[in-house]
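Shown here is one chain on its own, the form predicted alone, set out as structure tokens.
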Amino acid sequence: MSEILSSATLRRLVDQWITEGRHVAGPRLVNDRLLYGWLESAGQLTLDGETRPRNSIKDFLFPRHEKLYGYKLGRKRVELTEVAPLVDEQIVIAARPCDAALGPILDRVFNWDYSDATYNRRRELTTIVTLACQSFDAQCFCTSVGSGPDDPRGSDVMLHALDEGILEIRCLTEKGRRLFAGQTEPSALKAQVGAGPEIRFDLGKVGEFLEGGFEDAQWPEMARRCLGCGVCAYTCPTCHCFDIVDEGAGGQGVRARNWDACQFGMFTLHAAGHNPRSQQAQRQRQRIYHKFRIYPQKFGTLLCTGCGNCTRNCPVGLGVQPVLSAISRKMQSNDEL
């Protein structure tokens, strides 16, 4: 037996959660674009499952701007003010599995040599409800990186769309079970999960290339059209680079953590003026190596979930998938020689 609930019941629950003071985020239309954003009512929630949001739920676990503490300069001392501790629960509803998979990946980063209390607290207060994918676009490549349309990583609850506005609900964690306790009913209906998007590249061939391809002459050609805008990193679920800066004027302000990106020209610029990655091709190479060699060697998993956001949002159609496909083709051509 499975457990089901109707989409109407789900929307009623969303309105109830909002009324109770919980922050609820999900796919919604913003200026005719589908984005993950905060919901003011269940009427804003898009549940059709056909279109991918253009951003990532990373925004709710690792905000792009986060105050660490405030400061005020006195005549002889600096007065520091603590940021109020996080107390509000938040629920992310109808996230894609490739977005939710960021959780276990970022957990390793923020608890590696230092346990980030703010990140961990926000993670503790967040319940993630995913909607298994039933359709894909040309940029989706979850199956190419060992994932799939119903990957449970990072999900507290997974929803599967059935016919006529009915959802099968699979509670995967205690947080998920608490959230939907008493709201479901048993059923003989059970969702069938599709195969997912076709394999876009040979991950094994990519690994072979990266093992000795750091100085390969093809990197400049593969990255030639990159603009260095950083949209790939900002919409990626797993990119996590940040900078810490003081923001303020008139003797007071805040110290804040802001997103950064290895695709920006100033990311590795030294105070002396030297830049070890002065060319955009070097920065693209770093992005690929970090995701598919450096992070896996350190943590045992890829720094990529195959969401396709990097290509979907890139103004010149670059991103991870085209680069890895080019690498895969190059290695297969070498094998045929």
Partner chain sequence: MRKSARPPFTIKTTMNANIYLPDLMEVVQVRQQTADVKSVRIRFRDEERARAFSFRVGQFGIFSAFGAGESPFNLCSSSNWQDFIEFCFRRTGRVTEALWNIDEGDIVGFRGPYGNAYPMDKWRGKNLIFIGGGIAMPPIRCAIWYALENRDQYGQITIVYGSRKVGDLVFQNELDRWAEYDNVRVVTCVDPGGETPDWKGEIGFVPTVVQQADISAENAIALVIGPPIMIQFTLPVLSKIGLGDSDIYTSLENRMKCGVGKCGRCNCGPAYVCKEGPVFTLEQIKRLPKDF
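Note that the structure is predicted; figures quoted are calculated from it, not measured. Numbering follows the first chain given and starts at 1.
The same protein has a further form, the form predicted in complex with the partner chain, not shown here; the description that follows concerns it.
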Study note, to complete from the structure: Within 4.5 Å of the partner chain in the model of the complex by heavy atoms, the stretch out of 190-198, 70-78, 92-100, 132-140 is 70-78
Revision key, fill the gap. Contact with the partner chain in the model of the complex, heavy atom within 4.5 Å, among E208, E185, D116, D216 goes to D116
Exercise for review: Classify S325 as contacting or not contacting the partner chain in the model of the complex by the rule of any non-hydrogen atom within 4.5 angstroms, answering yes or no.
Suggested key: no
Point to revise | Heavy atom of R277 within 4.5 Å of the partner chain in the model of the complex | key: yes
Exercise for review: Report whether the minimum heavy atom distance between N111 and the partner chain in the model of the complex is within 4.5 Å.
Suggested key: yes
Check your understanding: Using 4.5 Å between non-hydrogen atoms, is R22 touching the partner chain in the model of the complex?
Key -> yes
Check your understanding: Any chance all of Q16, R121 and I244 sit within 4.5 Å of the partner chain in the model of the complex, going by non-hydrogen atoms?
Key -> yes
Study note, to complete from the structure: Across 256-289, the residues having a non-hydrogen atom within 4.5 Å of the partner chain in the model of the complex turn out to be R257, D260, M266, F267, T268, L269, H270, A271, A272, H274, P276, R277, R285, Q286
